[in-house]
Every structure is written in structure tokens, then in C-alpha cells.
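Only one chain comes next, encoded as C-alpha cells, the form predicted alone.
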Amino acid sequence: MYKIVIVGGGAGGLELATELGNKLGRKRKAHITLVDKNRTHLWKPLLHEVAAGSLDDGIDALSYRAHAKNHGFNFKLGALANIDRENKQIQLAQLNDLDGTQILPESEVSYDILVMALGSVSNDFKTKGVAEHCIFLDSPQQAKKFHNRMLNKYLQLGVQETKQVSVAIVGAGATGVELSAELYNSLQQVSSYGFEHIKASDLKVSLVEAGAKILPALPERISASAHQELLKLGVDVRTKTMVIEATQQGLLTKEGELIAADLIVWAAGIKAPDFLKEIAGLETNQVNQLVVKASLQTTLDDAIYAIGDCASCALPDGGFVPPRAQSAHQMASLVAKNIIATIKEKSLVSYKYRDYGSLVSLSNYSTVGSLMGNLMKGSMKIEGRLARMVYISLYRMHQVALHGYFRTALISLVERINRVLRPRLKLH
């Protein structure tokens, strides 16, 4: 029986484990194991909502262990330490509790096929002070850390000398823009839960971007529309502004200006985790991504695949597959087909990236983006309610891949009920 190990339970890794579990694990045609250092899964594009308090990860997170039981695969808690390609084993690091007490010792997991789906982490480009003074929205833990600090700042308003809460966000890609808007939405909500003294002017958000425009991956008209929406909310949008240092007081720019901030979020770029750099002698690029062939197998070992943000996959016309949730979704589907083909001793197929466009949610205020690919020739710019519906549908697609249509419909119904029963904002 084939032993298939998937390391990383993000969007791509969990979707792949679910599909293989349903098609192979339940029929005992393969033994599938998903490895992740966390106990639960949350769709990464939602982390800005967790940070702002608009989403309660305690309700929306999915338990790996329960999901594995329902879909024919196994889950193992652990963090990857190394890969032994000769013996086809991965080595997991010792697992410790928060106080340093050992929970699990070092261990090994054997594989016939290994899939690396470790996602990405923030890239601070070795900027001075960033690691010490900034929060990265790489995980629910980081998002909750920001949320707790934000609530504490709201508590201090009017009690101490604090007259305004200032937040600086470095990087005006989707994460930075969406978080900027979500913070103003959460400010409106928090004022109705015992914070009546808080008003819009009590929050100052500075969005700092080194490039010439925000949302550089989107067309100029869409970028300009989002820019105007943020200005209406009160966001201080600063383009062509290079940050050279983060301090306890705020951000220091190349021009010598200090952008004061109580909280700093770094969302200026991504890279694969540092420990992947040339792991087990595999080929990697400058941002630690594993270089893969068209089949999504790594260039130096056909038994190892890589998908999602940790994979460097060249496009036929130049450039590389962008690190997006839709890329991970497509890659997971392709690798599932190739693994099944390997078991059936059939030929593998090549990955062809399909760009369905990009959408950015400005919380309850607006949604902007472009739709591409099979929907029409070229691209279509969309805004408002239509864009919001399409944006939500992306998350529903992920849920359908995990739960199927019927359970996703039930989840949607429960979410609507929770809007009535639960507070609109997480207050703890």
C-alpha cells in the first residue's frame, strides 16, 4: 500500500489530503498522512478578519484530527525538521508545550510519495528592527496577538494619556489593504459594546507602500478605486515610501521621517520558511521555494512534490505562478491526479495555471477586483456587490473542496444564524 505524506495543512495541503483520503484512503488503496504543527486549519486569506476581530477563529477553525477521521486520512501533529531522501523518511522535531515541557519526542514518518505544502511566511528583507517590533499575519496566533493588543489599546483610550490608537501597516498588497479597511469596520462595531467614547478619529491607520501604487498586482483603475475608498475611510495611504527601520516608536523611512505607531503590521512580501533552503539537497530559489517541474514534482526527486506558496513553478510565457489561494487549489487538484496516476501506473499530466483574476475586500465598505480566464476574453473589472459575491464564493469553493456542497450549505446557514446570536465583533 502506497504511503503518501503531506506536510502542511494550508489550503492546498488540506484539500489534497481530503481528496486523496476520499478516493484512496477510504478504499484502502493508499495510506495518507497529513502533518502540521497546528491542531486546526483556518483559510489564510481570512487572517486579517481575525486580527480585526471580525472573525472568531475559535468558531470558524477546522480540527485536523476530526476532519481526517471523516475523510479517510490520518493526522500527525508535528513540525518538519528534515527529509531523509535515501530512506524516504521525514524527520519531525520535538514538540514542546508553551512552558517548554516536552509533549512528543522527535519522530520519523516513512513515505513513498511526499508532498510539501508548507505555505509561506512574511519576508522582512532583513530590515532593521522588523523582527522585534512588527507583527506578521502568518498564522492565527499572530492575528490573535494583534487583536488582543488592539483591544488593550481601545481600553486605554480616555483612561490614560492615550488620545489615539495608531496602526502602521507596511505593504499595500491584498493583506495590507484588506486589514486597513477591516480595522475601521471593527472600530464602528466596538463602539457599540461598551466603548461609547470611541469615535472614528480615535483610530489612525497608515498604509505604507514602497511601490508607486497600492495593489500592484491589479490594474491601475482597480488600484485607484481602492485607493480612493481607503482615503474616504481615513487611511493615510503613503506610496513610494521606503521603510528602513522599525522601532518601538514606529517606522523610520528612507527620507528620515518617523511614522508613529502603537502597533506595526509587516505585510510587505512573502517567502517560503527559511529551513526549506536547500533542504535535503533539493533545488530552491532565493525565497526558499522548492523548484518544481511541470508535473509539480521537485526537479531533483520525483518522489517529492511541492504545491502552493512554497513551490516555484515557471509559467510557459515567463514568470512564475503567483502565490495565491487559487494557485494552491489548482495545484492540489493536479497533484491528486498525478498521485492516482502513479498508483495506476499511468502517465502524469502537466500543470497549467489558470488566472481567474484577483479580488480585494474592503470589509463592508466595498469590494474591487478583476475577473479573468474562462469567464470572458481578456479581463473584466468588477466592484460593489457583484465583486463581494464573487469574493465570498472563493471561500465557499475552498469549503466545498473540504466538505462537499451539502455540508457547505449547512455551514453557510449556521454562519447566518450566528450573525443574529453572536456579537458582530470578537471582544476577547
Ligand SMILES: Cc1cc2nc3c(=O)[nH]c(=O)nc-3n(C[C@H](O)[C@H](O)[C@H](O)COP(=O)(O)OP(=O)(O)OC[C@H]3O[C@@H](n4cnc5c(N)ncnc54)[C@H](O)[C@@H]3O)c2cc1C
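The numbering used is simple: start at 1 and walk along the sequence shown. Not measured: the values here are computed from a predicted model.
Beyond what is shown, the protein has a form predicted together with the named molecule; the following relates to that form.
Trainee: Does at least one non-hydrogen atom of Lys37 fall within 4.5 angstroms of the named molecule in the model of the complex?
Mentor: Looking in the model of the complex, residue contacts with the named molecule include Lys37, since a heavy atom lies within 4.5 Å.
Trainee: Residue-level question: is Glu209 within 4.5 Å of the named molecule in the model of the complex, judged on heavy atoms?
Mentor: Contact with the named molecule, no.
Trainee: Wondering, does Gly25 line up within 4.5 Å of the named molecule in the model of the complex on heavy atoms?
Mentor: Because no heavy atom of Gly25 falls inside 4.5 Å of the named molecule in the model of the complex, the answer is no.
Trainee: Against the named molecule in the model of the complex, would Glu229 count as a contact residue? Criterion: heavy atoms within 4.5 Å.
Mentor: Glu229 lies outside the contact set for the named molecule.
Trainee: So which stretch, 252 to 260, 308 to 316, 338 to 346, 103 to 111, is the one near the named molecule in the model of the complex (non-hydrogen atoms, 4.5 Å)?
Mentor: After filtering at 4.5 Å, what remains is 308 to 316.
Trainee: State the residue from Arg238, Arg324, His71, His147 whose non-hydrogen atoms include one within 4.5 Å of the named molecule in the model of the complex.
Mentor: Exactly one listed residue reaches within 4.5 Å, namely Arg324.
Trainee: Find the only residue in Ala328, Ala272, Val205, Val170 having a heavy atom within 4.5 Å of the named molecule in the model of the complex.
Mentor: Partner contact (heavy atom, 4.5 Å) among the options: Ala328.
Trainee: Going by heavy atoms, what in 12 to 51 lies within 4.5 angstroms of the named molecule in the model of the complex?
Mentor: In sequence order, Gly12, Gly13, Val35, Asp36, Lys37, Asn38, Lys44, Pro45, Leu47, His48 come within 4.5 Å of the partner.
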